[in-house]
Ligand SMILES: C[S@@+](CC[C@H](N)C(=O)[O-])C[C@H]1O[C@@H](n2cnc3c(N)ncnc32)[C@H](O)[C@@H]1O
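Below you'll find only one chain, the form predicted on its own, shown as structure tokens.
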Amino acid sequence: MSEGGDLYDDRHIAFLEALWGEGYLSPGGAAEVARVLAELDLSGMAALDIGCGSGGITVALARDYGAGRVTGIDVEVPVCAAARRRAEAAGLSDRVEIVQVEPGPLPFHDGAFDLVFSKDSIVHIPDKEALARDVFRVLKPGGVFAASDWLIGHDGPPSPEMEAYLKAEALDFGMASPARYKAALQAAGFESVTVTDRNPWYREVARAELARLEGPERATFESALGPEEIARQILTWKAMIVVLDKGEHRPSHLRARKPG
């Protein structure tokens, strides 16, 4: 799956984009982003994209959704460089800014944004309560938090199967349950909080991804990362499917509004 700790080099970016679409480093590509943003009018908005990756979504927020100004943030140098190139190639450097940040509080003033968006990135932030408070702070009154993230289906320790999956991923995942996310957002002051389970969707999509990794496209993926790394990725996908089938791995959409 997605790589952390400065493993988002050009090789890994190429691999993930080959799997999920140019500019997209998480499952579902543009179609899943559209679902996260369903029924929102971004026209003229100031938007923040947390974990912007190689910039496909950041650019789309301005180009396809009409946001007036979009700030994409990430912690890794290679993806920020790729995102800046993408914004420049799209002719949107005047409306899209990419900022490399350190882990921690969002480096923006209170009420800076109309929309805070994130796609499968805040799983790397273990303190969901602090995250919710910080997102609330940087939103304008009436602003919206719309995100997709990877959740665990319960509070408490992960099962042995989930432990095996997380070990296979070798990532700093800080998964939280739907109940914890909802409580964190409500405690921060948000209203109209919803958590939409996407596990049934991704159970099927993950199988299709695994079939691509093992099928005729395998040579293409190996050309990006090498045979050994693709073999490791295949084992990771198989471990992930186990916890998806158990309902323990719960990709979800999050939506909340700051009172106006």
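On a predicted model such as this, the values are computed, not experimentally measured, just so you know. We number the residues from 1 along the sequence you see.
Unshown form predicted in complex with this ligand; subsequent notes refer to it.
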ask   = Would residue 120 count as touching this ligand in the predicted complex under a 4.5 Å heavy atom rule?
value = yes
ask   = Hey, in the predicted complex, is residue 124 touching this ligand, heavy atoms inside 4.5 Å?
value = yes
query = Heavy atoms within 4.5 Å of this ligand in the predicted complex: does residue 76 have any?
reply = yes
request  = Report yes if any heavy atom of residue 62 sits within 4.5 Å of a heavy atom of this ligand in the predicted complex; otherwise report no.
outcome  = no
request  = Would you kindly say which of 141, 160, 103, 156 lies with a heavy atom within 4.5 Å of this ligand in the predicted complex?
outcome  = 103
key: Proximity to this ligand in the predicted complex (heavy atom, within 4.5 Å), stretch among 214-222, 187-195, 53-61, 38-46   = 53-61
ask   = Using a 4.5 Å cut-off on heavy atoms, what residues in 22-37 are near this ligand in the predicted complex?
value = 23, 24, 25, 26
